[in-house]
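Shown here is one chain on its own, the form predicted alone, set out as structure tokens.
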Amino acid sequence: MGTLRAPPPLRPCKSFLNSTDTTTTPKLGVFSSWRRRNTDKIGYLTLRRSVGDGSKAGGFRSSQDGSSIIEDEKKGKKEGLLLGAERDVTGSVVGFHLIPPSGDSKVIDAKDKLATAREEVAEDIEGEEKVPTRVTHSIVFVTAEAAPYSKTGGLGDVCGSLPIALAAHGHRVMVVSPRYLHGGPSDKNFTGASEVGSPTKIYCFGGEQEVRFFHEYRAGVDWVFVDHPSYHRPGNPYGDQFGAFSDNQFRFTLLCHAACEAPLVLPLGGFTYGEKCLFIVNDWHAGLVPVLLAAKYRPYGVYKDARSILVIHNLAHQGVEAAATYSNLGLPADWYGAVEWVFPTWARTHALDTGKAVNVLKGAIVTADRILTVSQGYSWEITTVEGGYGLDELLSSRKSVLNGITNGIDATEWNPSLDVHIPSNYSIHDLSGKVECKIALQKELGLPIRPDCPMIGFIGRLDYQKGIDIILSATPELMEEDVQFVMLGSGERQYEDWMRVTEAQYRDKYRGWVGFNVPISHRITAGCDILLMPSRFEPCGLNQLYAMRYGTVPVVHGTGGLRDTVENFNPYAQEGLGEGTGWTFSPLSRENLLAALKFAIQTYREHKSSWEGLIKRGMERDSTWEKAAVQYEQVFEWAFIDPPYEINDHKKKINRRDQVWSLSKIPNLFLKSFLTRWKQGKFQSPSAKRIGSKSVTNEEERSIAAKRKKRLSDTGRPSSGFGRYCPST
């Protein structure tokens, strides 16, 4: 039997992330082709990619019994070899052996082990160009909400659309979320789900909890719902009219434990997902999953080849509770350091408060194999003092595994040529329907019917993050312009009352719809000319993507995902044809907001050709989940390159290449830099720091800092202005 020579060294595949290339990715064969060459003494194998149809000559065809046929290009014949898999006692593939055609009993062994869930690629000695490959995985999404079953914002949209896009790429995908029953019309969303498996025992909160699983197979995805009495109550997934539910830690701890059990016990499609899963955990509600994998399962040989990816949708919410609740999480006693959190002195409630707490999101950041945010800009902002909410230095220490991928949108639901919620459909080739949508919206809201009048829209929560206070201060001057302004949203009572008062004051120019209504949001998006989004921070933002899809020009504050997705209008580029899809302004202020809006209004009135270019460039932008799914697949590949989170001798240290962190010290990492800046009065916006501004202190900021410091010394508690730096629950 001949000797096998190792293939040439592997080279990393070109990254899809941070690439501006929007060309179509070549279709890849499911397998890669092998080419066998013979010499006088030894033979060797090289691995090549096949681009295009795998059934063509030179491709790699799959036989009916699961083995693969290798073409012998050297001889130029159709004769081939069978590639058989070698498996261990658990069924895992550990190697391959080559079986010659029938009649020849020789078996050529190749003992090189394959990387788990990853296709290894070697470059041919002829130097042919390498193309990224795709490997399918068993993926488990863990989330507090998933549209259309449950939704309060962007998290529900992401976890309702991304799994479907990944399933279309050949991955086996499960989504695990609670089975919310609110006693209202939304309960009918779960009517298609039926109970699967048997009740499962979960051990947490000092006792035994029993959960049931419900399952629905839809759009190529296994939708699994965890059923427990704590999910059956009026309100939304997180609270009701009286505020957040007091037992949210219990409800989402239960979700995390159930999500870890689901791939092992649920026979979906006839068999379980098994241990070789890729967990995608979303925000703090699912943040306990990576910690459980490392503390509860891997020490006993379970999920030893699984990986976890943490997706941060909003760092402001971290799942912080009192330290005494640690015993409720179902973790070993010596794992307290993984979630330990200590508040700085100024953020404590009283003089005797020790500031000790548990922070679920912090534990997820420490133990996850990769970390993602929902935009590239936000992945940078969370490593700054201003945007890190106390976790900036910990996140900075994990920059090597931190990336951002901009969310996509559902191209079926948000399609002006198919939308059932708008009165007239239109497309980039025929925009006449958009004018009809504008007229219909004016009629519906009781505004004067004026197709030539610029109409500005706002859709979102009425709270501090969304910049409602800036809109409030700018509205009187904006109403002096010949415009119409429409707002849709709910939130803080003071802003809801302000909308009602403003509508009564400006009957012919302003309308405020308190509440949220999906059909109305579609009609506002289609009927308005300009969409306003002055958010203080925005991890991704979806409304600006919807607006561009519908030919509505966004005017946004340049932060996070808004800066990434909206290209500022430049009328002089492209030899006067212009470029850009909207207007961005920074820093956030009333004056800058009004200036950007006035530029947009002037362009709408006086430069019709430029305005039409803005509309068409926005509608041409690729914001689909297909583009995002390709980028997620690149991160999946990276996640399996390194070994999973390891604990040596059950000591609380992270062993990841050359980095060793003491978990007990991590909670205080941010204090030194933050308190130094605070005492000096140095506060700098992320936008200013990013562009390299050297001027970070001015007299006004020093004055504000001094006043806040005085209030702190008088009251013993932080002023309200520092609330945004406290990790939020």
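All values reported here derive from a predicted model rather than from experimental measurement. Start at 1 and count along the sequence shown; that's the residue number.
The next section is about a form of this same protein that is not shown, the form predicted together with a small molecule.
The closest heavy atom approach of D392 to the small molecule in the model of the complex falls outside 4.5 Å. Although the partner is absent here, P554 is not a contact residue: none of its heavy atoms lies within 4.5 angstroms of the small molecule in the model of the complex. Contact annotation: S177 falls outside 4.5 Å of the small molecule in the model of the complex, judged by heavy atom distances. None of the heavy atoms of G197 is located within 4.5 Å of the small molecule in the model of the complex.
By the 4.5 Å heavy atom rule, the three marked residues L155, V374 and R461 all count as contacting the small molecule in the model of the complex. Taking a 4.5 Å heavy atom cutoff to the small molecule in the model of the complex, the contact residue among T584, Q209, T475, N407 is N407.
Just one of Q249, S521, Q442, T502 comes within 4.5 Å of the small molecule in the model of the complex, counting any heavy atom, and that one is S521.
This chain is displayed without the small molecule, yet in the model of the complex the stretch 156-164 from 231-239, 177-185, 156-164, 396-404 comes within 4.5 Å of it by heavy atoms.
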